[in-house]
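Single chain ahead, by itself, as structure tokens, in the form predicted alone.
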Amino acid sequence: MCYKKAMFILLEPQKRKIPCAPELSLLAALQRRPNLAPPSLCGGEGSCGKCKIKILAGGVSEPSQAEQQLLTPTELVDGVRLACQTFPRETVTISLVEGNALSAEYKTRLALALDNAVVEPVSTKKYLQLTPPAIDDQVADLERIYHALKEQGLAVDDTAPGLLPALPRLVRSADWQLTATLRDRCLVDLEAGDSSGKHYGVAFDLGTTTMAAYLVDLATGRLLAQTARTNPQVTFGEDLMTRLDRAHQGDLATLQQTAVAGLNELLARLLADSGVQARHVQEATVVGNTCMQSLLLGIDPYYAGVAPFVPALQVVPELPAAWLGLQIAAEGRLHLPPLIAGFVGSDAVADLLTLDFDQPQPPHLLLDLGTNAEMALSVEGRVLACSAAAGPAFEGARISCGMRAAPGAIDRAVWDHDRLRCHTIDDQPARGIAGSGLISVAAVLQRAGLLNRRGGLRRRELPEGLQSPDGQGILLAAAEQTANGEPLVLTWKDLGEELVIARAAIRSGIEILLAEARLPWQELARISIAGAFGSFLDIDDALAIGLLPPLPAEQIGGVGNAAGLGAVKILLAAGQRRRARRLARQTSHVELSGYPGFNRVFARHMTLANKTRP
């Protein structure tokens, strides 16, 4: 009998051992373990060049044609490979290339303004001092608790079954002094002693690229801790459509487990930073786009991504957190606000709630410029919303040297004596360019008269040294200024195709929303840009390439993580949950793909010129 020898990937320095097989790429094997695989923005198709690893020991397949095109000769000599293109021949030891680890969080965590937040949590905690039973007082233990709660004005109709087995011993070992937790007239937890002041909740903003988490005191509304990380699902593809396909083709369970693992990692950080115990976290809220929410629940989102773009459900029932594997209190509950449409999710609802789109206000345009750009317009009591397939260019994907906002990322540029000078986050050697840097470079070139209307470079007018040595694009940083010792180049395709397409998608969505509302762009009172990207974006740069309608810059501004703030408000108050449901019902969705004349509008905006009219 012939036995196949077991093969493994030994991942350093994590000291992890992952089973693999000759027919599986290293990326596919790593993806079977949450939080271990490098980013794969193209979903493992060998086109993005981001899933870099280093072979430390062991035999692997020869470099593919894609690797020879995407990796430099120096990288190949040093053992750098693309995980999606590399197949093991034996047990192999690898490490992730510096800058590819997924645990790095965004440089700036966005502050939440909770000063005026309403505190009205759906659960409550009460300290009880019970009278012990006696021969002449033989009331049962549970009914004794019910009576004590009724004396404090709290009616109880039910009890979580998990409390019953330990009830007799708990009340006696606690000397009849207990803290009860109630939710919806149901007794869900009992603790010995007085823990009524330990009542917490966690809100998650589950983005396509980034996850953020916020730990809140449900009694006071105080923010105790916050953290963020890259969504580990990016190992399956940066954009929504790639993940939709992967889920539909059999990776749904793995994508769900990966998302849950990411949330639990954030939760563990919050608890460590605050000293709070998991058993005292009774409530959780998650907001996200329709695809992210479906994947989290283990629902195949494929049909929400193809015409007619119908999600499996719009209103999600309240769920036990344990059902999902979220590691909060045993009887903790998970709330997901409603969706608006197939590509306009509960994160957009949280944005609208934060910016009071259900209240009378002058015409107000909201933009959340991520991989899936969501937009909403408030005008004369109406709210209209749409989503535009801007692509992941603003997140650093599909850009030849793109990366997220992290140390070493170019985040802005200036024109200085006929030279392009780029600034990097933390003044580190250049590793790539972030979305805000991409827009800034384009704006600088536009102002210098070096871009034509379609985003192409006027090569004959380029100053000496601006064009890369290989003639493939703009030289952002010379070899001696970069982290890997190779020149950093922004290609013609990056500017003239990827950025132009993203710009066209956003401006087309804006124009169609304004047309539906019969509102000239000049009558907009405010444009708010949500999310981390809005916080990094230079408004003058965005106006220079026509990304936004040409309002005065003072009428445009970032509003931070509006979705995260909305998630916290929904966590804190039952009334805010009802308000979110009303906003979702009252918002009119505009489907761009079937909109008459959409292709004509899109084509008109395929430019980086700053027009005076949208």
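Predicted model, so just to flag it, every value in this text is computed and none were measured. Note that residue numbering follows the sequence shown and begins at 1.
Omitted from view is the form predicted in complex with another copy of the chain, to which the following refers.
Peer 1: Report the stretch among 437-445, 317-325, 516-524, 480-488 that approaches another copy of the chain in the predicted bound form to within 4.5 Å, counting heavy atoms only.
Peer 2: Heavy atoms within 4.5 Å of another copy of the chain in the predicted bound form occur in 317-325.
Peer 1: Indicate whether another copy of the chain has at least one heavy atom within 4.5 Å of a heavy atom of Glu12 in the predicted bound form.
Peer 2: Contact with another copy of the chain, no.
Peer 1: Is Phe309 a contact residue for another copy of the chain in the predicted bound form, using a 4.5 Å heavy atom cut-off?
Peer 2: Phe309 belongs to the contact set for another copy of the chain.
Peer 1: Does at least one non-hydrogen atom of Glu151 fall within 4.5 angstroms of another copy of the chain in the predicted bound form?
Peer 2: The answer is no: Glu151 has no heavy atom within 4.5 Å of another copy of the chain.
Peer 1: May I ask you to state whether Pro161 is within 4.5 Å of another copy of the chain in the predicted bound form, using heavy atom distances?
Peer 2: Contact check for Pro161: yes, within 4.5 Å of another copy of the chain in the predicted bound form.
Peer 1: Have a look at Asp538, Asp141, Glu90, Glu497 for me and say which one sits with a heavy atom within 4.5 Å of another copy of the chain in the predicted bound form.
Peer 2: Contact check passes for Asp141.
Peer 1: So which of Ala174, Leu224, Leu130, Leu313 gets a non-hydrogen atom within 4.5 Å of another copy of the chain in the predicted bound form?
Peer 2: Spelling it out, the residue with a heavy atom inside the cut-off is Leu313.
Peer 1: Hey, with another copy of the chain in the predicted bound form, do Leu167, Ile299 and His589 all fall inside the 4.5 Å heavy atom range?
Peer 2: Yes, all three are in contact.
Peer 1: Residue by residue through 400-428, which ones have a non-hydrogen atom no more than 4.5 angstroms from another copy of the chain in the predicted bound form?
Peer 2: Stretch hits: zero.
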